[in-house]
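The chain that follows stands alone, in the form predicted alone, written as structure tokens.
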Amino acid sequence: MRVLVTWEIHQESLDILKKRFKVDYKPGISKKELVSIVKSYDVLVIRTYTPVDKIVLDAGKRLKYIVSCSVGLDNIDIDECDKKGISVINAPGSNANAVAEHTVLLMLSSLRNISLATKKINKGDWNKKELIGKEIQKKIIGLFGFGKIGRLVAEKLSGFGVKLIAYDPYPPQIDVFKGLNVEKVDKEGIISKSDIISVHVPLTKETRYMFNSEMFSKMKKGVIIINTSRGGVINEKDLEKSLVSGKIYSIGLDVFENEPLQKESFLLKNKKSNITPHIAALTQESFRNMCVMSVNNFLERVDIKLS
């Protein structure tokens, strides 16, 4: 089989592929060039920066596998792959620890106004009145979604002296709540009780704009919102209103409805915004994990098919 790698991947995963297949390594290839040459390949190895839509798939007459060195598959037309019998392989959970650590970072940054403090000190402004923050100890932290990342966040917060509650619209089959000393609550409970709400749900038809003005109105005054899942889960116009009104104390966001953020976005201007450019999963360790796991998952699939 011939393999085309369209983006930079970890050297270890590239070496694994080269031991088994003829590999062409073209990191950063344009879509136009991809469409013109993909007909010669059986396997595409990509990252989330490569869009694989119907145009690419129609051109890939020989394609049997798409290996995405990622967790999310938002950039791939999965329905079209199914129609064409193309297997899509990724690396579920490979970046979970990185995202969980970043979630805790955003919580602490939002409590202590780190973004505003950085901006002020860069200007030589040592007026600290605006920088009086809050402590995480004794706060009620609501984990909205309790999959792998939500559970890791719970583990990392266990030593902070907080009360943890969680709600999952897709509850796990096993009782993982009790083992992590987390109280299981319903949707209304997590919205009304939490001092900090951390979002950990996928973006689906059901979850799009789930966090809107109606939901914000039911939260405690001074709540903190953290989101490292998907931007479209939160209605940003409603978020702005609640932030400006003071209903929301501060926000810590790594994901946004439209990326990259436009310069005029209120998220860049509001003093209570603690934001990062979709980097929660970007660590040296998670990059290696995503690439090696996805390639090994692919090899396992191929070996099963050949046996």
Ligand code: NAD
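Between two forms, the rigid core is the largest collection of C-alphas that superpose within 1.5 Å. The structure displayed is predicted, hence computed values, not measured ones. Residue positions are given as counts along the sequence shown, with the first one as 1.
Heads up, the form predicted in complex with the ligand isn't pictured, but that's what we're talking about next.
In the model of the complex, at least one heavy atom of His200 sits within 4.5 Å of a heavy atom of the ligand. Among residues of the shown chain, Gly142 is not one whose heavy atoms approach the ligand to within 4.5 Å in the model of the complex.
Using a 4.5 angstroms limit between non-hydrogen atoms, Thr207 touches the ligand in the model of the complex.
The shortest heavy atom separation between Ser229 and the ligand in the model of the complex is within 4.5 Å. The contact residue chosen from Ile136, Val99, Met219, Val182 relative to the ligand in the model of the complex is Val99, the criterion being a non-hydrogen atom within 4.5 angstroms. Of the residues Asn90, Asn235, Asn95, Ser115, just one reaches the ligand in the model of the complex with a heavy atom at 4.5 Å or closer; this is Asn95. Only one segment in the set 107-115, 125-133, 149-157, 76-84 has residues whose heavy atoms sit within 4.5 Å of the ligand in the model of the complex; it is 149-157. Counting a residue when any of its non-hydrogen atoms is within 4.5 Å of the ligand in the model of the complex, the hits in 233-269 run Asp254, Val255. Once both forms are overlaid on the rigid core, the distance between the two CA positions of Asp186 between this form and the one not shown is under 2 angstroms. After superposing the rigid core, the Cα of Glu130 is displaced by less than 2 Å between this form and the one not shown.
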